[in-house]
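This document opens with one chain alone, in structure tokens, the form predicted on its own.
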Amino acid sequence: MIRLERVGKTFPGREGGVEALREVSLRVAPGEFVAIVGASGCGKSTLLRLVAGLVPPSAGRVLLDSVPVEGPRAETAMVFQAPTLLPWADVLRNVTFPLRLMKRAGPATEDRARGLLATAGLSGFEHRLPRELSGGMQQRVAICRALLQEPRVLLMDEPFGALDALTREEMSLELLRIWQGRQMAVLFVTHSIPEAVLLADRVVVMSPRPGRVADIIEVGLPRPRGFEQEGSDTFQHCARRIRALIYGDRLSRAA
């Protein structure tokens, strides 16, 4: 469904610019959950923006259903680390805003939005302003806003990075529950190795800049997933492999 073919991205600047990505090839199947991890500055967020059509590649091709991505598409939605809610609009209007902006809102849009908010545990908060919500609740609103578009591809750029540890765990399980009910393709950027292993079917490990695919780890954990699986041999083996790819011999030196 998503295909990157030898994709490179260089941002212009002095002394030849900054090469963020080089020769990245990746395929994501319909309904697959793929996490992307790597050191800061390795191009993880840039990769998402290429798939979203927010920036063009400098080399190679990005395709969705075999069609080159040349700009934002209706079947693709993105969730950022910050919820980016409209501070003057209530929760319901924030969730429906993209469809109203694209003139795709219909008679059933509000009912669908209310249903998503109920699924996310936000019934009764439809007319609250963002400042009246906790950080985790605001991020739930942002996820509902993305899901209301009924995307076939959901791109998530460290969506839980600004949350406290307990809220982050709660949101991880909430995301799994929502995804399993819709089976859209998800590309999920995170700095947390345990989070990546818990959520994903496969974990893409990026090399330092310029970012390349260092390896792709298949996660063999059964679904549905839960935190009790973190103690399993499969979970620990995947986490160790990912850490070794990211940190290399720095782990042995630290030991």
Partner chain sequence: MQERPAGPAGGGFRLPAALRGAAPGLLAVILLFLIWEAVCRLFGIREFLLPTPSAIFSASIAAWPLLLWHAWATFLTVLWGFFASVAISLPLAMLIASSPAVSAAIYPLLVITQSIPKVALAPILIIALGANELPRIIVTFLVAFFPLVVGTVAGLLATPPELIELGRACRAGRMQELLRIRLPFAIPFVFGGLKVAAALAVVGAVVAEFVGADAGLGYLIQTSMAFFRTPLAFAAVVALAIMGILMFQAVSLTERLLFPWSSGAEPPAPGI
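Numbering follows the first chain given and starts at 1. Please read these numbers as outputs of a predicted model, since none were measured by experiment.
From this point on, the text means the form predicted in complex with the partner chain, which you will not see here.
S.K.: Work out which of 74, 118, 162, 173 lies within 4.5 Å of the partner chain in the predicted bound form, going by heavy atoms.
M.R.: Looking at 74, 118, 162, 173 one by one, just 74 meets the 4.5 Å heavy-atom criterion.
S.K.: Ok, 63, 216, 59, 54: which has a heavy atom sitting within 4.5 Å of the partner chain in the predicted bound form?
M.R.: The option sitting close enough to the partner is 54.
S.K.: I'd like to know whether residue 98 contacts the partner chain in the predicted bound form, with contact meaning heavy atoms within 4.5 angstroms.
M.R.: Output for residue 98 is yes: heavy atoms within 4.5 Å of the partner chain.
S.K.: So, residue 93 and the partner chain: in the predicted bound form, are they within 4.5 Å at any heavy atom pair?
M.R.: It does: once the partner chain is placed as it appears in the predicted bound form, residue 93 has a heavy atom within 4.5 Å of it.
S.K.: Going by a heavy atom distance of 4.5 Å, is residue 80 a contact of the partner chain in the predicted bound form?
M.R.: Yes, residue 80 lies within 4.5 Å of the partner chain in the predicted bound form.
S.K.: Indicate whether the partner chain has at least one heavy atom within 4.5 Å of a heavy atom of residue 145 in the predicted bound form.
M.R.: Contact with the partner chain, yes.
S.K.: Mind telling me which stretch in 162-170, 176-184, 133-141, 98-106 gets its heavy atoms within 4.5 Å of the partner chain in the predicted bound form?
M.R.: Flagged stretch: 98-106.
S.K.: If the criterion is a non-hydrogen atom within 4.5 angstroms, does every one of 206, 241 and 247 touch the partner chain in the predicted bound form?
M.R.: Not a single listed residue reaches the partner chain in the predicted bound form, so no.
S.K.: Scan 70-91 and note down the residues that get a heavy atom within 4.5 Å of the partner chain in the predicted bound form; none is a fine answer too.
M.R.: 72, 73, 74, 80, 84, 85, 86, 87, 88, 89, 90 sit within 4.5 Å of the partner.
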